[in-house]
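The chain that follows stands alone, in the form predicted on its own, written as structure tokens.
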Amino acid sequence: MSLINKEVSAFSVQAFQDNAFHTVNKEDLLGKWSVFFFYPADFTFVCPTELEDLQNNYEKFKAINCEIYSVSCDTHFVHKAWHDHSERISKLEYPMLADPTHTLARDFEVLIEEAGQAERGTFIINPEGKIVAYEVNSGNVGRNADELLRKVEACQFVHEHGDEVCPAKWKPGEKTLKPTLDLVGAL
């Protein structure tokens, strides 16, 4: 079953950010764009490369009113320990959400029950708190923050211009398509 247009359920979790713990809940998502970036576990292999890639693009996400939330089933204490011991993770400025009870992983349908970990799931959430795009990768395949940024920008464009669509590889400022009867079979 598709999760497109599914409203994110109410939640309240601990986060590690700016060398401090704080609470993040559903209300924090409303009114802006969000990315939930699930990964299997702290202190692993592919995960720090992805999280560093997101950090390298974080200012671009913030510039388009989009917050990044990395999420694993580790505790906020483990997030802090990883931050304190990893050069890559110590650079992170966005919130690292702790999901040890698997509330978020279950709601987003990325929980690997037998492992107690999340799949590599990426979810773009609109300002109304609804999932508008997502993908789930195999645990051994890393993701690309540049492509994720492009997808967020495309989702924002169609959210604002409902009668236009974005073709493959579309970037802001490029031509969009307006579905009409004349366009059927013409591409």
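Sequential numbering from 1, following the sequence displayed. Bear in mind the structure is a predicted one, so any value in this text is a computation, not a measurement.
Although not depicted, the form predicted together with another copy of the chain is the subject of the following passage.
**Student:** Looking in the model of the complex, any heavy atom of E128 within 4.5 Å of another copy of the chain?
**Tutor:** It does not: once another copy of the chain is placed as it appears in the model of the complex, E128 has no heavy atom within 4.5 Å of it.
**Student:** At the 4.5 Å heavy atom threshold, is V13 in contact with another copy of the chain in the model of the complex?
**Tutor:** Residue-level check for V13: no, no contact with another copy of the chain.
**Student:** So, in the model of the complex, is K26 in contact with another copy of the chain at a 4.5 angstroms heavy atom limit?
**Tutor:** Outside the cut-off, so no.
**Student:** Find out whether any non-hydrogen atom of I68 is located within 4.5 angstroms of another copy of the chain in the model of the complex, and reply yes or no.
**Tutor:** Close contact is absent here: in the model of the complex, I68 is far from another copy of the chain, nothing within 4.5 Å, heavy atoms only.
**Student:** Check for me whether another copy of the chain, as it appears in the model of the complex, comes within 4.5 angstroms of all of E93, M96 and E160 - heavy atoms only.
**Tutor:** No: none of E93, M96 and E160 comes within 4.5 Å of another copy of the chain in the model of the complex.
**Student:** Scan 148-168 and note down the residues that get a heavy atom within 4.5 Å of another copy of the chain in the model of the complex; none is a fine answer too.
**Tutor:** Counting only heavy atoms within 4.5 Å of another copy of the chain in the model of the complex, the contacting residues of 148-168 are R150, K151, A154, C155, V158, V165, C166, P167, A168.
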